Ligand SMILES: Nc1nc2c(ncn2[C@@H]2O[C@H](COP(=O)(O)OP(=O)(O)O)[C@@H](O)[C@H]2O)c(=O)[nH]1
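Quick setup: one chain, the form predicted on its own, written in structure tokens, and binding and motion questions come after.
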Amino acid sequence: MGFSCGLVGLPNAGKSTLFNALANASARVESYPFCTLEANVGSIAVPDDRLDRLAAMFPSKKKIPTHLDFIDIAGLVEHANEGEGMGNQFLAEIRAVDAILHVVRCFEDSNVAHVTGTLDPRRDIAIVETELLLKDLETLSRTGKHLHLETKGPDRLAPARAAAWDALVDHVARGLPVRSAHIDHVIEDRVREASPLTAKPYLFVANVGDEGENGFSADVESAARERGAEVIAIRGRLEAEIVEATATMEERSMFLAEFGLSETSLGPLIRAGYRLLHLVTFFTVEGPEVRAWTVREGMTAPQAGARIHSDFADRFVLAEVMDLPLLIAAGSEKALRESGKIRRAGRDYSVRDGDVIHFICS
């Protein structure tokens, strides 16, 4: 599995419907709580017109896009942190993802029961956030006990670790997420090992009705602003129905246009996921493939090469880097090379979004 985004929210918020719209998948969708008992995983090709333009220069090569994984995690309820509604299993699945997409119900439908009986996005957001915080408090407190036991041993840093950990536990106990805490360097590794749920990057997905944004989605936007988070409004059911009813992108575009939509939610959500996870895309044209790859911002050329083959990092000699617009303007790699516009980069080079790279290894 590559980089992953988990769809999290209350039961019947529309997570599975949204998952089907995103992945063109066949996740089971029903109108009662806990329909989703196991996480559905969709590895979704990232649409990228840069890859299309690059592939057009190499018509004999196979085009392979990069992928982002979306995971439909069953709905959380109050007391999930205590195991309510299979909460422990679902919280463990959230711990495994790289980012959280918090799906909030913003549509009214008498045929789809709301787990609390009424629609209130702010309350629904608070329920999910509270469960994540309480689970983190339990996890961090358990680790804290071990750290205090270590203060009785010979490790001179143990008291500093215990004190820093106590400060973090107090932060969460006050209802504040781990992502907003100052993490002392002496516990950075331990925090990564604990993988707190509220440390994960997140954004809100307002699942609106067929008519589009409304007062409920405005509440989600307000809550997102207060938290410094991004929000994307999606007509989940409408998009899922369009995906199910169409066989080609042309047909899908026609249906979307009828509702004033220029694209499905896949594009905006993937772009938001890339921003959230600080990801960039580079391309290779080696062998029989024109291929896109996803890495984190700041990754060096040897590290990026290791995504292609694990021994590239150790065998790395240099990278030949081409600027994609310049390559397309030149018309061929040969012409770009003859113009002297292919750069040679060493081990310290940080891969940039849109780079086309030849890795030269020993």
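Residue positions are given as counts along the sequence shown, with the first one as 1. Every value quoted in this text rests on a predicted model; they were computed, and no experiment measured them.
Just so it is clear, the following notes concern the form predicted together with this ligand, a form of the same protein that is not shown.
Contact with this ligand in the model of the complex holds for none of G6, I125 and P201, as no heavy atom of theirs lies within 4.5 Å. Residues of just one listed stretch (138 to 146, 230 to 238, 91 to 99, 270 to 278) have heavy atoms within 4.5 Å of this ligand in the model of the complex: 230 to 238. For the residues P196, P177, G209, P121, the 4.5 Å heavy atom test against this ligand in the model of the complex is passed only by G209. Of the candidates D166, D109, E286, D184, D109 is the one whose heavy atoms come within 4.5 Å of this ligand in the model of the complex; the others do not. Heavy atoms of L10 reach within 4.5 Å of this ligand in the model of the complex, making it an interface residue.
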